[in-house]
Every structure is written in C-alpha cells, then in structure tokens.
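Same chain, two versions here, written out as structure tokens and called structure 1 and structure 2.
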Structure 1
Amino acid sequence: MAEAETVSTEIRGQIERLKRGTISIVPEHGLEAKLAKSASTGKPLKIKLGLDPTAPDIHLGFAVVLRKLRQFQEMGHEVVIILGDYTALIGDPSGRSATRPMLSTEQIRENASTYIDQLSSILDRAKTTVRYNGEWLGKLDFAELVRLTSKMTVAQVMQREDFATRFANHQPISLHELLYPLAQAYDSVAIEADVEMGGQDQTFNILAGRDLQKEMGQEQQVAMFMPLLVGLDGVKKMSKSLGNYVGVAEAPNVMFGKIMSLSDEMMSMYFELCTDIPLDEVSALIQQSQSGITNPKDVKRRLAKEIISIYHSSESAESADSEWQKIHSQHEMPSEIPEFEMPADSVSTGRIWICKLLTIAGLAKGSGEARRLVTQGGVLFNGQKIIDPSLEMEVSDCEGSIVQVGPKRYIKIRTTSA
C-alpha cells in the first residue's frame, strides 16, 4: 500500500511538471492513467510528434513542444518523431488559408536530415526514434486507402476551422488535403502511440488519431496540446515564413535583440513557455514590472538571458546582455560590425556615390531605396547624418568608416583588397 502511494505521489509530481504551459490534455485524466500503466509495467510510453519536413529551422515556438518532449524523456519515456515524408507530399493545411506547395522527394530528404541534427540540440538522442511515415503509408494500396477513408466523414473533416473558412470564402480545397488528418491519424496507429503532442493547431489531426485507433481496436492515445507561441510581432504565431521568430541556433546577440523587442505583455507567456523558471517566481517578476518596482526592461533582460542560457551558455547570455547595454544604454557602437570590402572598380575610380555604396553593400535593395533612406535621415556615416542623396565620397577617406542604416544595421568599410 505504502509503495502504491509513493508511486502515485511521484506521478502527481510528473503530471504537475508536464502540465506547465499545456493548453489541454484529452482526455483530462488520460495522462495519469498512461503514466501509471507505464510505472507498473516498466514499459516506457511512446510519445509521438509528427513533423512536416518543410522548413528545418527550429525556433522558440517549435521548441515549446520539443522541450515538453524532453521532459517526458527525462521521466524515462520514448519519443517517436514521425517525419512526414509522405504527408509532406500533401502539405499540412492546418491554419493555412491556401494550399501548400507540394515538396519534392529530394527536398524532403534533405530537410529531414537537417531536422534530425537540429532536434538533437533539445532532445535526448538516445531516447528518440525517428521514423518516416512513408514506411507504412507507402505500403497502403488503393483498396486499403479507400477502407481507411471510409472511417471518416466529410462533415467531420469540414468541422476543421481552416477548411470551413476556406470553404465559406470560396477558396479552393483540394481533395488530397482532406486526406492529411487521416494520414496523420494512421501514423498513430502504425506506431501505437501512447501520447501525441502538438500545437493547438493540431487539435483536429491529433484527435483524429484517437478516433482511428479506436476504430482499429487499439488503446487510444492521449492528446496533449501546447499553445502556439506568439511571434515577435505580438500577433501571429511564431513561424519562419512570417519572419517573426527567434531561431534556437541564432547567435546570442541576435537572440537578445529579438527578445528585447518583445512587447511587455508578452513576457509572461515567454517566461512560461520558453524557460524553466518556476511559475510563482515568474508571476512575482511580472508583478514587480507592472507595479514599477522593477523596470520592465530589466525583467525582459532576465528573460532574454534565461533563454540564451538554454541554447548557448550562461556566459554567452551575460556577454550578450552587456553588449546590448553598451549599444543601447551607452549608445556605443557594437563591438563586432560586419565588414564590407569596397569593390576594386570603385577603389580605382577613387569616388563612390553614397546610394551605390548602400546598394552594393546590401543595405538597400536598389538606388531608389537608398535614395529614400538618405532623404529620410536614416543613413549615418561615422555617426554623421547624411542628407544629400547625391553625395559622392572619396574612397580613400572611407577606410575603416562605419555606415549605419536605421537603428540597427551597420557595416564597416574596407578599401584594402587582398
């Protein structure tokens, strides 16, 4: 009896930890049952995560789910990553307002290997199995596919908000897109998943997995939903294609700058989902910043440092912080500025037009844009504002000069070619 109680206390602790940052677990007590089963049989749970091998840049939003998986691994469970090489042929329509382009097989293979590399930075590779769903989906023949499709109705699929919206707006939906949830559900059947993890946008697909497992006489998986991290713009979900993301592989200074640009209201969410700081400490920090006891900026610095420590080290977090202080509080130049080498033809001419310089240095798309930047007062040469868009400079005066465009883009000019 005493033993059973300690187990359940342990499980309660695990549940508590796992629940942090989750939106919902379906069914609500399902996870408890699964954990208890695993504890009594000694068999690790299979935690499934399906991935579309599209853009292999892992960012903080995606890391929310991965970090949760990591917790399961720390509790001894097995993570099964399903790389959707077959479903990528479809392209997940979740949350999309348009059909996704299909990927070629070569692209998928290439993305997949990059993916596996990047995943290893968060997951425990020893407790991670990677499977391609082509393994089983590729073996389905037409008759089996038809039988599978008979398990789901059109009305069920059309419940999904994205499909419903597209349909209502008279936007095209291709038949193959309707197959996506079914294919993902079949993945759960194929690997006999115990838990499937996903973002909120995966609700339908993951629940479809439960339905299909039941249809096929399997024990149903527990669905665990994580919130979609809102991106830097504060409105849309973090995603690579929207450009509002912080990549986990990005340099500490870049990460720091991006996190500092978050609006204050987002801090709490980021603390909860992207760090391991205990929640009561988080609420204390947030309260202090709101009541004016602490400058919200300093709380945000703490957030940035915590996140950088996870993906780099606490030392690089500190140095990113001091670099930030140096540039933004003390208004000094960044310590590292990308260098731009003046092309040989300009060196020999001896003069260069400012707009041309900005264009070839990649600071403007064309001389039209460069002209605009100068006119609007966005261009500084060695800290001096340039106002004349027709200015020509002596190349010989440029060596080591610093050109700044807007608040954060700098280059240092080199005129000595090797």
Structure 2
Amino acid sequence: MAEAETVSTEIRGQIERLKRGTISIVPEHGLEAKLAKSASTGKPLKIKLGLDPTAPDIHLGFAVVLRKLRQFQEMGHEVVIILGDYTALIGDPSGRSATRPMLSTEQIRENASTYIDQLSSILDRAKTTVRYNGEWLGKLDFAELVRLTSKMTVAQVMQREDFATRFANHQPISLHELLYPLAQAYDSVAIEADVEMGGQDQTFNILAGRDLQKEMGQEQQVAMFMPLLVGLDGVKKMSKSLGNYVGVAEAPNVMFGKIMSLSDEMMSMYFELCTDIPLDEVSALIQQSQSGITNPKDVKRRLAKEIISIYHSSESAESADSEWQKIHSQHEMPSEIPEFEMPADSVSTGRIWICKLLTIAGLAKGSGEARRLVTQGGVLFNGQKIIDPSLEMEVSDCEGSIVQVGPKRYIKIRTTSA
C-alpha cells in the first residue's frame, strides 16, 4: 500500500511537470494511465515526435517540444524521433493554402543529418532513437497501400480546416496530400508509440495516429499538444522563414540581443515555455515588472540569461549580459566588431561615397535607405555623427575606422591595400 502511494505521488509530480506549457492532453487522463503502467511493468514509454526534415535550424519555438521530450527522458522513457524521409516527399499540407513543393532525396538526407546534430543539443542522445519512416513506408506495395487507405475515410481527411477551406475555395488538393496524415499515422503503428508530441497545428495528424492504432488493434497513443511560440514580431509563430526567430545555435550575444527586443507582454510566455523557472517565481517577476517595483528591462535580462544558459553556459549568459549593457546602457562599443574589407574598385579610385559604403557593407539596403540614415543622424564615423549624405571620403583615411549605424550595428573598415 505504501509503495503504491509512493508511485502515485511520483506520477502526480511527473504529470504536474509534464503539463507545464502544454495546451491539451488527449485523452485527459490517458497520460496518467500510461505512466502508471510503465511504473508497474518497468517498461519505458515510447514518446514519438515526427519531423519532416525541411528546415534543419532549430529555434526556440521548435525547442518547446524538444524540451518536453527531454523531460520524458529524465523520467526514464525513450524518445523516438521519426524523420520523415518518405512523408517529406509529400510535404506536410498543415495550414497550407497551396500544395507544398516536394523535396529531393538528397535535400532530405542533408537536412536530416543537420537535424540529428542539432537535436543532440537538447535531447539525451543515449535515450533517443532516430528512425526514418522510409523503413516501413518504403516497403508497402500497392495492395498494402490500398488496404491501409481503407482505414481512413475521405470525410475524416476533409475535416481538416486547411483541406476544407481549399475545397470550398475551389483550390486544388492533390491526391498525394491526402495520404500525408495517413502516412504520419502509420508511423505511430509502426513503432507502437505510447505518446505522440506535437504543436497544436498537428492536431489532426496526431489524432489520426490514435484512430489508426485502434483500427489496427493496437493500444492507442496519448496525444500531447504544445503551443506555438510567438516570434519576436509578437504576431506570428516563430519561424526562420519569417525572420522572427531565436536560433538555439546562435552566438550568445546574438541570442541576448534578440530576446531583449521582445515586448514586455511576451515575457511571461517565454519564461513558461523556454525556461525552467518555477511558475510561481515567474508570476512574481512579471507582477513586479508591471507594478514598477522592478524595471521590465531587468526581468527581460533575467529571461535572456536563463535561456542562453540552457543552450550555452551560465558564463556565456553573463558575458552576453555584460556586453549588452556595455553597448546599450553604458553606450560603449562592443568588444568584438566585424571587419569589412573595402572593395578593390573603391581603393583604386581613392575616394568612396558614404552612402555607397553603407550599402556595400550591408548596413543599408540601398542608397535611398543610406541617405535616410545619414540625414536622420543615425550614422557615426569614429564616434562623430555624419549629417551630409553627399560626403565622399578618402579611402586612405578609412583604414581601421569604426562605422556605427544605430545602437547595435558596427563595422571596422579594412582597405585591400592594408
């Protein structure tokens, strides 16, 4: 009796930890039953995450799910990453208004290799099994595929909002797209998954895995849905293609600067989903910043340091904090400034127009933007503000000079003759 109570108490603690930042668990009490069964049999659960290796750079939004998988690993369970080399040939149509381009086998394998390396920065590699769904999907002959399709109806597939919307708008839906949720569901059958993790945009696909397992006589997996982390723009989900992301492999100083650009309203979500700080402490920090007891900037610095410590080290986090304060609070130049080598044609003429310099150095998108930066007082040359957009400078005088645009961007000029 005492042992049963201990196990129950332990499971309750695990449930509380796993529910943090989780939108929903289907069925609601299914996870508790799975954990209890694992505890009684001593057999670890198989926790599935399916990935199409189409964008191998891992950012904080993607890490929300990976960090939850790591929690399962710390509880003794096995994580199975399904890299969809076959499903990537289809392309996940979730949330798409048009058919997604199919990737080549070479692109898929290259992306998959990068994925595996980056996953190891968060997951315990010893408790992570990586599988390619081509192992089982590639072995299905046409007759087996037809039998598999009999387990799912067109009506079920058309319940997906994206398909329904495209159909209503008379937009094309290719037959191969209808196979995607079935193929992903079959992954759960192939590995006999106990739990499948995913973002809320994967709801249909993951629940389809539960349905197919039932149809094929297996114990159904539990579905756990994670929120989609809003990106730095505060509007859309974090995405590399949208440029509103914080990459986990980015340099600490870069990560720190990006996190400090978050709005104050977004801090609570990032604390909850991207750090391990207890939620009661998070609540106190946010309340103090809102009441004026603590400067919101200092709370955000704490957030940035906590996140950077996870992916780099506490020393790197402190160093990034010091560098940020040096530049933004103390208005000093950064310790490391990227160098820009003056093009040979500029050196040969002996002079260079300031707007051309800003453009070719990547500090402005074009001469029009460069002119605006200068006239608005946003350009400093060796600490002196430049106000004349028609200024031309002797190249020989530029060697070793520091050009600053705004509060964050610097270059040190090198001439090709130096």
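By rigid core we mean the largest C-alpha set that fits within 1.5 Å across both forms. The first residue in the sequence of structure 1 is number 1, and each one after it adds one. What you are looking at is a predicted structure, and each value in this text was computed from that prediction instead of being measured.
Between the two displayed forms of this chain, it is structure 2 that matches the form predicted on its own. Core-superposed comparison between the two structures: the CA of Thr165 exceeds or equals a 2 Å shift. Here Gln404 counts as shifted, since its C-alpha moves by at least 2 Å between the two structures after the core is aligned. For Gly378, the CA shift between the two structures after superposing the rigid core equals 4.2 Å. In this core superposition, Ala364 moves its Cα by 3.9 Å between the two structures.
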